[in-house]
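Next up: just one chain, as structure tokens, the form predicted alone.
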Amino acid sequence: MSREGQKLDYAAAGGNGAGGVGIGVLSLDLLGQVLDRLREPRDRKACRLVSRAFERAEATHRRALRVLRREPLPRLLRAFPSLERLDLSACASLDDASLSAAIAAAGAGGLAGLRRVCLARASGVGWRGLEALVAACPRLEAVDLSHCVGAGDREVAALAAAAGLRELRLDKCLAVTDMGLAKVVVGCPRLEKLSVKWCREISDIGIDLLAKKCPELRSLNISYLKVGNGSLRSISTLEKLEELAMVGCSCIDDEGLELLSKGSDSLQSVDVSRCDHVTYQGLASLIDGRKFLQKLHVADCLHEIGQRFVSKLATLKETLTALKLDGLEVSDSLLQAIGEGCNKLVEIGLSKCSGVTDEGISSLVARCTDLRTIDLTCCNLITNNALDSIADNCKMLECLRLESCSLINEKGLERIANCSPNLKEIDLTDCGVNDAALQHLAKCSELRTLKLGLCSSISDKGIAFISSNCGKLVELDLYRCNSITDDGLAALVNGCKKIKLLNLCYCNKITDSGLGHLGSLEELTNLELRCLVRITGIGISSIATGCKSLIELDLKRCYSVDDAGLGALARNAFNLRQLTISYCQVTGLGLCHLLSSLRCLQDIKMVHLSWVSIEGFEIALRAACGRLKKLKMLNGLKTVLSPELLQMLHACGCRIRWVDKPLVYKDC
């Protein structure tokens, strides 16, 4: 518990060392404001548990709720009548019946204030549940149905009754067609943000109707649709459109961009990445005359960058802040021209661009001194000279990506560390850096993300340097840093207690003792332990009992992890949603216990569990049927598992990925 939480916990219990009357005399409004200022969820929970006054205050004051299991949903909706934002994306096995029952339990008007609902990946919710939701929420403004792969026209039509809807995400709702889109745009004419990414049944007809019926649209994502230039002609009529993403729209070409350019001048962000038939000439026509364009993404689409495009970029000198050229062929002269013409840039993306050199980077950053994000992933010609130029010119640098830039070393990183006090993220994957580099980077006290994968020269000493001053670190990638031992993990948890994402795959010197240290990371949500051959169920027990926030865990090829480890997860890892146990030494009994106990588990990969019998798989999967959304198993199981079970999994929205490898199992 944080210091603030401890003080409030003490006050809530009525003690102040001088016979005070306690916190219950304060008004509910004031107590609600106090709760809003608590950063840690566990602190809020502690206050609720020790003080009924705080419990009452939160009931009337709480505005946002994220639910992990469907069972407590009715009680939670009754308890918090002032909710404005509800996230059900992680609510395992949520379906129409449970959603409708929870809405009914909230009572008449219980959800009247609800404005935003996230149902992403809630594949069990259909049109009946959505109809009940819309009917109970008259102020509904935003709905997220992304990755509900079974959602189709009937589900989308249910949302059409929400006349006040302003934001709608339908990414990868594969069954939505022009008909469903038509229902929404007619029923919800005030839409301002819409994403139909990967809804490949939507055509130019649907986009044309959208443009006619939703004149307030400000943000539109049509990425990976099979639409053509006709859609861009329709989109050009949207006078308030500010953001347009059309990544991977292979039927769009220069003619479409020219049609788009004839529309309103309101566009601020355009993404045409992976549009194979777009050339620099089309982009030049789109840019021409734009007064407000701030972000331009053209990654992996241009075969060459012509002078006309470069000269048009210069017309955006006062507005352009982000430019992504990932995957293109660039030159020193081009980077110099960009620097001269676009000196207000705060983000530049040059990932996998060929031709990037020290000279080009130096000429760019000499003029673009406001840069905060620089992506040089796989620009393997750059050296410390480029880092020196970045350090000298970009004093506000926050994010630097240098993956596979193998010619840099600790000397260049010393300059970056000394001159970049605001650095929050650095990616040094496959750069071969050593402990001396980490000693310099330890000066960056604002660091949140540090990626060191494949840097085999890093040892416990380097981790100790980072731990000594980077207490705000939340993500650390040590993939294949195989010199790291248990002592390094001990040093890490001593100073970096806010770690949420940790990758230790193939760090094969780590043992159960190291995992024991990790058990003190209360905020850890994602942990990758692939191929740690020395860990056993003892280490997994330490993780399960200590890391209560754990959401994703990868144990692939941890050959000594057995039923004891899975049992510890089953008893303690109640928030676990994604688990990989392929090649682990578990039995059918351990698998059954695991899948029947973890109510939030939605995604499990279990390839080559050779000690689990066919019957063990059958019983375990039946225990989890209705909760699982993704499943990875050997292809041989397809023919031996009962057709009834496979049909049940499919009916519950579970997608199975079959791995084409030999099926081997042993009866214990």
Partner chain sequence: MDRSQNHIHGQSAANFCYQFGSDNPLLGMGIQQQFAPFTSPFGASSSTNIPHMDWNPATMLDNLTFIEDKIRQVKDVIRTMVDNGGQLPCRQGDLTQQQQVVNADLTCLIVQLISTAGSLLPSLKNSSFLSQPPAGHMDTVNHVGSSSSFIPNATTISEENKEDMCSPEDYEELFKGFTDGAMEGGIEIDNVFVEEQDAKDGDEGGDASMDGENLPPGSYELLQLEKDEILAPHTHFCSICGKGFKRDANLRMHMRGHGDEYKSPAALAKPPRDASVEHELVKRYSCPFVGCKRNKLHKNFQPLKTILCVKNHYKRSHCEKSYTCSRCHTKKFSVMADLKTHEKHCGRDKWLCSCGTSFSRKDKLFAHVALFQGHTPALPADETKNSSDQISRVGSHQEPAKFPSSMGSSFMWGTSSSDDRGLDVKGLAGCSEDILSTGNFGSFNFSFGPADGFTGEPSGSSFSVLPPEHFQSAQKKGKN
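Because the structure is predicted, anything quoted here is derived from the model rather than measured. Positions refer to the first chain, counted from 1.
Just so it is clear, the following notes concern the form predicted in complex with the partner chain, a form of the same protein that is not shown.
Q) Considering the partner chain in the predicted complex, which of Gly626, Gly616, Gly636, Gly32 comes within 4.5 Å of it through any heavy atom? A) Of the listed residues, the single hit is Gly626.
Q.
By the heavy atom within 4.5 Å rule, which residue out of Asp487, Glu141, Asp153, Asp435 makes contact with the partner chain in the predicted complex?
A. Result of the distance check: Asp153.
Q. Pick from 88 to 96, 532 to 540, 422 to 430, 554 to 562: which stretch has a heavy atom within 4.5 Å of the partner chain in the predicted complex?
A. Going by heavy atoms within 4.5 Å, the stretch is 88 to 96.
Q.
If the criterion is a non-hydrogen atom within 4.5 angstroms, does every one of Val67, Asn503 and Leu515 touch the partner chain in the predicted complex?
A. Checked in the predicted complex: no contact with the partner chain for any of the three.
Q.
If we define contact as a non-hydrogen atom of the residue within 4.5 angstroms of the partner, is Ile205 a contact of the partner chain in the predicted complex?
A. Although the partner chain is absent here, Ile205 would touch it in the predicted complex, with heavy atoms inside 4.5 Å.
Q: Verify the contact flag for Val659: yes if a non-hydrogen atom of it lies within 4.5 Å of a non-hydrogen atom of the partner chain in the predicted complex, no if not.
A: No, Val659 is distant from the partner.
Q. Val186 near the partner chain in the predicted complex, any heavy atom under 4.5 Å?
A. Yes, Val186 lies within 4.5 Å of the partner chain in the predicted complex.
Q: May I ask you to state whether Ser100 is within 4.5 Å of the partner chain in the predicted complex, using heavy atom distances?
A: Looking in the predicted complex, residue contacts with the partner chain include Ser100, since a heavy atom lies within 4.5 Å.
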